[in-house]
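The data below hold one chain only, encoded as structure tokens and taken in the form predicted alone.
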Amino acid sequence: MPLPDPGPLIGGVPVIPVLTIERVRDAVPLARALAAGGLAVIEVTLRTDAALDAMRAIASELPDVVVGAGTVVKDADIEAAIAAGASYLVSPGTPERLADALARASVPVIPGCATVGEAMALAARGFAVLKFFPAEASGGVAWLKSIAGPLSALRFCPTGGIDMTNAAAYLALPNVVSIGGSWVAPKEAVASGDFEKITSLARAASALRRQRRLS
């Protein structure tokens, strides 16, 4: 049976905000600000004690926002994230045991890879959309261009070292579904409650989609 395809979930936005939320009270206003700027698909990383409660709050209060769980690194993260309302899962890398568990998940998965061999192994398991991480450190746009021929069936969501200075170059690639980035939600803006700034950054990131269509 084919694995759930994350493409329809993440393909509607050019940029997926990658969020490390320290305080649960920031979760809903942060997600609301991003959605107001056109980025209604977000990834909450499981790097903080607040992450699961933050996801739960967003999923409960903002049904129009698609919230996923990032930094899924062990089997237990899968069940916990889905229980908290995650609509999709993302891993930074995908060792064999984690790949087995992710293949059994009830929601779409974007497993992480950094090499051609890792991408091929994940493709063999049935994963069609992969996270390329850390993108810039692992070859960036040049890597994605070079594997487009031999791995033509795979699509990618590159993350790591991407911001407004290089986002358009990634989005111009046919094998890129969307990109992930944290620049749209600066830590200082979240900490100070400057959600207007976050909406402005999200609006600029969302406009990349229109530029791509016009190019």
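So that there is no doubt, residue numbering starts at 1 and follows the sequence shown. Just so it is clear, the structure is predicted and the values come from calculations on it, not from any experiment.
We do not show the form predicted together with a small molecule, though everything after this point is about it.
Asks: Please identify, from 96-104, 76-84, 110-118, 125-133, the stretch that has a heavy atom within 4.5 Å of the small molecule in the model of the complex.
Replies: Comparing against the small molecule in the model of the complex, the contact stretch is 125-133.
Asks: Wondering, does Pro29 line up within 4.5 Å of the small molecule in the model of the complex on heavy atoms?
Replies: No, no contact at 4.5 Å.
Asks: Please check if Ser178 has a heavy atom lying within 4.5 Å of any heavy atom of the small molecule in the model of the complex.
Replies: Ser178: no, not in contact with the small molecule in the model of the complex.
Asks: Should Ile162 be counted as a contact of the small molecule in the model of the complex, where contact means heavy atoms within 4.5 Å?
Replies: Ile162 belongs to the contact set for the small molecule.
Asks: So in the model of the complex, is the small molecule close enough to Val18 to count as touching (4.5 Å, heavy atoms)?
Replies: Yes, Val18 lies within 4.5 Å of the small molecule in the model of the complex.
Asks: Just one of Asn166, Ser146, Thr48, Ser182 has a heavy atom within 4.5 Å of the small molecule in the model of the complex. Which one?
Replies: Selected option: Ser182.
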